[in-house]
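Next up: a single chain in structure tokens, the form predicted on its own.
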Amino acid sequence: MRSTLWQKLFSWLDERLGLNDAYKNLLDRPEPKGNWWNTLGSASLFLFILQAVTGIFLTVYYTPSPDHAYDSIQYIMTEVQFGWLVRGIHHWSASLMVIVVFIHMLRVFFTASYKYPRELTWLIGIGLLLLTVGMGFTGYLLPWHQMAYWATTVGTQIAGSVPFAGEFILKSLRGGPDLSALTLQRFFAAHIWILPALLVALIGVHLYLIIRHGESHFPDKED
């Protein structure tokens, strides 16, 4: 009785959404024989989703101002129920995401998976790696403690050493010559809005290209 109800519900949705067609086009396709190295892309996507979910919870209590940023972090860690766990997951999964994405890029490079017809997939993957590093860089300042402050000072100073455009880049990142409340606000906006939006867009294109061209297999002796 219950299975019949679910079948009717699925049939009703399938007629309106084309669920069977979506399944056949997206999931029901041949895959090359691989190993755990083939799962690094999916692991990166899982870590990004984990970052998004935990980040949403953290923004409920976080205050992006120099006077209250550190105190709000301490409040999350000590007063909010399971706040220490959510922030710990967010912190360590961010570091793990950078490592997993980097190893994923190395796997693609050493197996020559960036070659025809996957050149555009590779270029978008480079963009995803840069955005992932950018997420880590902007998020590092948000606790607004001494280590975050001076690390961001050094990081933005390095960006400001670019020939010709260095001063413009430095002031664009900091919102002025020095780190201030405007810097924290810009990093916060980039961390929760600008960079995630770009990541979601590139991930969508990346997945589309993987579905279109399929996953590459590990080179054998004939290759």
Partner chain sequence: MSGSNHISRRDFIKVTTGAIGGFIAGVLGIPSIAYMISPALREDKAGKPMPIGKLEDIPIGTPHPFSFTITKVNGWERTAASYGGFILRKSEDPNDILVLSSRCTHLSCRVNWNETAGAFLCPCHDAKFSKEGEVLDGPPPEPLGHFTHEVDAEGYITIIPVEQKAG
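Positions refer to the first chain, counted from 1. These numbers come from a predicted model, not from an experiment.
Although not depicted, the form predicted in complex with the partner chain is the subject of the following passage.
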Subject >> 172, 184 and 188 all contacting the partner chain in the predicted bound form, non-hydrogen atom within 4.5 Å >> reply: no
**OP:** Given that the partner is absent here, state which listed stretch (37-45, 55-63, 151-159, 175-183) has heavy atoms within 4.5 Å of the partner chain in the predicted bound form.
**Re:** 55-63
**OP:** Spell out, yes or no, whether the shortest heavy atom distance between residue 72 and the partner chain in the predicted bound form is within 4.5 Å.
**Re:** yes
Original post:
With a 4.5 Å heavy atom cut-off, would you call residue 127 a contact of the partner chain in the predicted bound form?
Top reply: no
Original post:
Does residue 82 reach the partner chain in the predicted bound form if we count a contact as any heavy atom within 4.5 Å?
Top reply: yes
Original post:
Just to confirm, residue 86 within 4.5 Å of the partner chain in the predicted bound form by heavy atoms?
Top reply: yes
